[in-house]
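Shown below, as structure tokens, is a lone chain in the form predicted on its own; questions about how it binds or moves come after it.
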């Protein structure tokens, strides 16, 4: 089973102004003359973590990572204005152009898979490979499953804590109830809702719950950007023309060498979504990891992703 590559530090970090309001943080690691790959983090609102660099052979890959609008070290923090899927797609093009890259591999899991599909369908000639994990297409059925009724039946203990900030009278639409609180003028109200929202996701992301993950998801600063930006995207239906947009446009990327990796017991992004994408796009390699949930650091998912970063490195 593949292990992570040794930890490395970026060889470059810079801040890129992408609008009059937003500046995003970008870093490069690995081999400056290696094959370019852009890593798209989850959330939206999750920010980049050092471990993400370790999925790539640093001698072969030029690894580009960036904090999406409003999170990580990007500014302004937790900002919802001018923050849509298509703003992020445009940001990726600005990064690619600034770095002088003609074509790059695109790696994304969870929300990162959503943005990877949106970007590649908009700019298919700029993508050499796609590595997708924990597929999320941002459809109503997927949002209802995780935030209204579905995953709650598997994690009723964690679900109680998710429900706690919301009065009984508002629980018929939890997404809307959370949105009201996460956009409240009151800082305490926002933080209480943000921590409950974020810890719910942290509680369900792995086959075996991780105390370290819960601590990270529950940290106030991480939670505020993560919950606010996620809820903003979800209540706006990902700013898509239709909820089937990403599958409807799959012909645009059918020719790109790609892989889909999915945990069998992924509760955050259940396997049915990955299966539907696989059926629409059989040309992409498809792997179900039988003993994994949602997290990319679970052993089977980690190993399969590294199989493909090694294979696609040329």
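Residue numbers count along the first chain shown, from 1. On a predicted model such as this, the values are computed, not experimentally measured, just so you know.
Not pictured, yet referred to below: the form predicted together with a small molecule.
In the predicted complex, none of the heavy atoms of residue 159 sits within 4.5 Å of a heavy atom of the small molecule.
Contact check for residue 268: a non-hydrogen atom falls within 4.5 Å of the small molecule in the predicted complex. The closest heavy atom approach of residue 42 to the small molecule in the predicted complex falls within 4.5 Å.
Heavy atoms of residue 110 reach within 4.5 Å of the small molecule in the predicted complex, making it an interface residue. Heavy atoms of every residue among 46, 136 and 230 are located within 4.5 Å of the small molecule in the predicted complex. Site annotation in the predicted complex: the residue of 216, 206, 179, 96 reaching within 4.5 Å of the small molecule with a heavy atom is 216. The partner is absent here, but in the predicted complex a heavy atom of 234, alone among 145, 104, 155, 234, sits within 4.5 Å of the small molecule. The stretch that touches the small molecule in the predicted complex, counting heavy atoms within 4.5 Å, is 220-228, out of 72-80, 117-125, 220-228, 179-187.
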